[in-house]
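So this first bit is one chain, no partners, the form predicted alone, shown in structure tokens.
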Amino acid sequence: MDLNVCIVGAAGDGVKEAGELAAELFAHFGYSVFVYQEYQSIIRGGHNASIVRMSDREINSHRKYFDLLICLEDYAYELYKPHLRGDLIYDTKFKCGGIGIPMTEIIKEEQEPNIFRNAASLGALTAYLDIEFEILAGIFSDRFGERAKDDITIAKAAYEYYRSRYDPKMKLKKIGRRKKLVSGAVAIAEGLISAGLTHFYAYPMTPASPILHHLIKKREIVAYQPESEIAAVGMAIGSAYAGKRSATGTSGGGFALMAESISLAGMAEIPLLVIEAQRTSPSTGMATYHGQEDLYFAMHPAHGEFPMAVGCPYSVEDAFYLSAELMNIAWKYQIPAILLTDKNLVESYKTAEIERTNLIEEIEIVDSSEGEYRRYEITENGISKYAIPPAIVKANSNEHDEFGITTDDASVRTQMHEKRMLKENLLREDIRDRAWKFFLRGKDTVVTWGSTFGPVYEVAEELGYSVAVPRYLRPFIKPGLDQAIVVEQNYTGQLAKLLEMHGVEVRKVNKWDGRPFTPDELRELLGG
């Protein structure tokens, strides 16, 4: 079974929440669920859509065409009806052909505001699928507690209206135990906590903001919004200097503001983890839409040469583990690390099993100043012992000697720069076995990155391709491929060019309209 449901309405209609609750309904029956959220970057007005897909097989994407469209506004219907291939449920406040439910009349009778039409839409969906209403009522109660009373009343009225006039279109059967829904943002945040995060700083920027929103609810975490991205990255560096595992998160424009501080962390050898959640660009672009255009920017974000790690998760589950890995790498090597992700992964939900556990890799830390201490001691592998106050710690953004004293000496410069750069070679060997993930065995190999993995894997499995996905983009390790079809969401083919530089012959499949690839589109593009 595979059902793709789209709920659309105006901004403020509670469409996003309706999508999440519909997903909870499907997850209750044991289905794999994926939720894609689409909304506009405007203060008031505009339209929102929540596309909820459920399947009895593992899925990591929504589909382009809807089996059911639930519409709360007529202008939203005009925008989304080209994708409708099934039934329509609509609010009878406007005229349309399909299953009409008087949602506006129901909420007026209950003297509730417009946003409660989202509850009415879920009541109609529950009747459409021939689900016992008590299951939906339980999902409302799980989310809102005692405040669920009004939602349940309105949903029940829409449910009974549907059943009095229409027949159910299908019978949703339970196929397994209830599954848990997790967003990419939550997976990243929980992965950071598992690796010892105690301090998080971020200035709001879509689509990275949900990470801050999740962490700020955690009593054990200091999560703070300063006045800018420059302040946020400076505070993350300051906390790391004091021995606290810290991180910051932003998107393209904010990441640009952090450039100088990333270079500072590289020179001062202070651990720094930055989450860069891509959206369409350049500049503000389409701020709430999806893109994969920052690959080169993330690999070379600041002036000068310094060792660095860039990782890119390909799924919600991988976002959890890779976040933890990069936090440990930043501390082990005392370098900046970038988690490069994208809007479709961060803001989407899927059913996933993620259990927070201790993933901290401890490092030796010097916390006293007894005797002679060389903070930047030249070692065989380039890694000096990390020191934190109350030890006297000389952190220096100028070139410096082993004690941290500023110098312009050519010989010292040569030795210190070489010492720092040695760490990237060490890191390369460290990540070699986990830099790429390979899936399936097929006629040719499709290479992709980030959330584009979801639809690529689904179609590759159907059409008989192999799939390869890089988890680490810097240091970049060439996969054992001579040829590849590279699918990514940018105009120039950034990963494709990177592979070409390493001798791989590529065929590019690109998209840059701000909407993530769907299996429907890739089936046509890869079918030949």
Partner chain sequence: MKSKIEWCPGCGNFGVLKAFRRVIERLESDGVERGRIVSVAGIGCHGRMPDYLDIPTFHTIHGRVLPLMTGIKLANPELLVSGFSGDGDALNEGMEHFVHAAKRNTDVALFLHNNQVFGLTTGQFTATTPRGKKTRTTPAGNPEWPINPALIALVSGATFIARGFAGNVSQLSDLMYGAIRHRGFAFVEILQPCITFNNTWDHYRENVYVAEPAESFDEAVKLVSDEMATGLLFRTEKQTFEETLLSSLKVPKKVVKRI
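Residue numbers count along the first chain shown, from 1. What you see is a predicted model, and the numbers here were worked out from it, not measured in a lab.
Missing here is the form predicted in complex with the partner chain; even so, the following discussion is about that form.
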Given the partner chain in the predicted complex, answer whether the residues H28, R143 and G176 all have a heavy atom inside 4.5 Å of it. no
The stretch from 364-372, 156-164, 67-75, 125-133 that lies within 4.5 Å of the partner chain in the predicted complex, judged by heavy atoms, is 364-372
Checking I360, V412, L440, A242 against the partner chain in the predicted complex, the residue with a non-hydrogen atom inside 4.5 angstroms turns out to be A242
In the predicted complex, the residue from F255, F453, Y349, Y201 with a non-hydrogen atom within 4.5 Å of the partner chain is Y201
- Query: Is there a non-hydrogen atom of P102 within 4.5 angstroms of a non-hydrogen atom of the partner chain in the predicted complex?
  - Reply: no
- request: May I ask you to state whether Y296 is within 4.5 Å of the partner chain in the predicted complex, using heavy atom distances?
  value: no
- Item | Contact test in the predicted complex: P301 vs the partner chain, heavy atoms, 4.5 Å | no
| query | Might N396 be said to contact the partner chain in the predicted complex, defining contact as any heavy atom within 4.5 Å? | reply | yes
When the partner chain is considered in the predicted complex, the residues of 384-418 having a heavy atom within 4.5 Å of it are P389, P390, A391, I392, V393, K394, A395, N396, S397, N398, F403, G404, I405, T406
